[in-house]
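The chain that follows stands alone, in the form predicted alone, written as structure tokens.
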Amino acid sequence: MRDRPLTAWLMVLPAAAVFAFYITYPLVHTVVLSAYSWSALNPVRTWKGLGNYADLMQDPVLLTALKNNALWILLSLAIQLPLAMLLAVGIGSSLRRHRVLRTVFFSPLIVPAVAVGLIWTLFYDPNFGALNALIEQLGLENLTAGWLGDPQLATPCIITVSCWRYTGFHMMILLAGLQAIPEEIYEAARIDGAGAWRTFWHVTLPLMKRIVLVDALLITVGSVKIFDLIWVMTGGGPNHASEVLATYMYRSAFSDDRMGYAAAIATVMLALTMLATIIYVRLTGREEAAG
């Protein structure tokens, strides 16, 4: 009996070692590097302390990136989560046998992000893109725009693409939660005379709160670290209008050769991700206490 804790630790040790080497060490090392000023061409590090963070506080591009990340979080939660729930409820109930629909909704995630970005860039093209052509065919020429070239529209356009790509993934997560709810609960609700809306609001949603919170956390973290679609479609432009933390970090590191500054941006991303995780843990803790 006394050897059981030691055996458990020995079984966990390989996974813990891999986690420490590939996750914990890079995170800590990035935070340490953010206190230095250095570049790839001149790897001699100069101690800067909190100087990089002081520069970040005065950087207007960082403020734009933070605003865009906040917009990504808000719009992604407002669009992806309700739409994914609607699709999950539809497929999980009356369309239970329609597995083809699950494949159709999930398939955008399978397509590589670079291919998705290039296809949608062509779709948004103001000269020969399908979107402006469709608007003109409908007789709404006044609504045509430059889309990705418009500083006001670039970020919402890319968020639309992201929602199209990831909603099916979140649908599958919520669908798994829906299928875990016992059918007897729904039968009891029907016997009590509850309609479809009341059943969803008073039965399905309360039992799905934990899954919804997990999915909301995934959407939030994904919105903080979004990079690929933005870099392919606009590169953070025009004039940094669609810049987010990840693209600005990449630009600072590999275009401007400011490795310490990029590490500071990465640390800010880490802090935001940890903040979202802490909020999730607090909410689930309150849920358990209420239960």
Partner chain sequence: MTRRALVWLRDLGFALLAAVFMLPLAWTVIGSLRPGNTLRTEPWGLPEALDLENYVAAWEGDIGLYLLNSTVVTIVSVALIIGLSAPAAYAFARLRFSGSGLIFGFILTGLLIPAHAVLIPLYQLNSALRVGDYLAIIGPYVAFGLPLSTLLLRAYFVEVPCELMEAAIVDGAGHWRILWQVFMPIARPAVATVAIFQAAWIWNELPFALVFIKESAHQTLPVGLLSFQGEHIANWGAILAGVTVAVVPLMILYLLFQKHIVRGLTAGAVK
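Quantities reported herein were computed from a predicted structural model and do not represent experimental measurements. Note that the rigid core is defined as the largest set of C-alphas that superpose within 1.5 Å between two forms. Positions refer to the first chain, counted from 1.
Separately, the form predicted in complex with its partner chain exists; it is not shown, and the next lines address it.
A residue is said to contact a partner when one of its heavy atoms sits within 4.5 Å of a partner heavy atom; Phe128 meets this definition for its partner chain in the predicted bound form. Within this chain, Gly90 lines the site of its partner chain in the predicted bound form, having a heavy atom no more than 4.5 Å away. Remark: Leu50 does not count among the residues lining its partner chain in the predicted bound form, judged by a heavy atom distance of 4.5 Å or less. Within 4.5 Å of any heavy atom of its partner chain in the predicted bound form lies no heavy atom of Leu205. Proximity to its partner chain in the predicted bound form holds for none of Leu71, Ala194 and Thr199, with the criterion being a heavy atom within 4.5 Å. This chain appears without its partner; in the predicted bound form, the one residue of Val111, Leu138, Ala78, Leu143 with a heavy atom within 4.5 Å of its partner chain is Val111.
Residue in contact with its partner chain in the predicted bound form (any heavy atom within 4.5 Å), chosen from Val221, Leu153, Ala189, Leu213: Val221. Along 134-171, a non-hydrogen atom within 4.5 Å of its partner chain in the predicted bound form is carried by Leu134, Trp164, Arg165, Thr167, Phe169, in order along the sequence. Relative to the superposed rigid core, Ala17 undergoes a CA displacement of at least 2 Å between the shown form and the other one.
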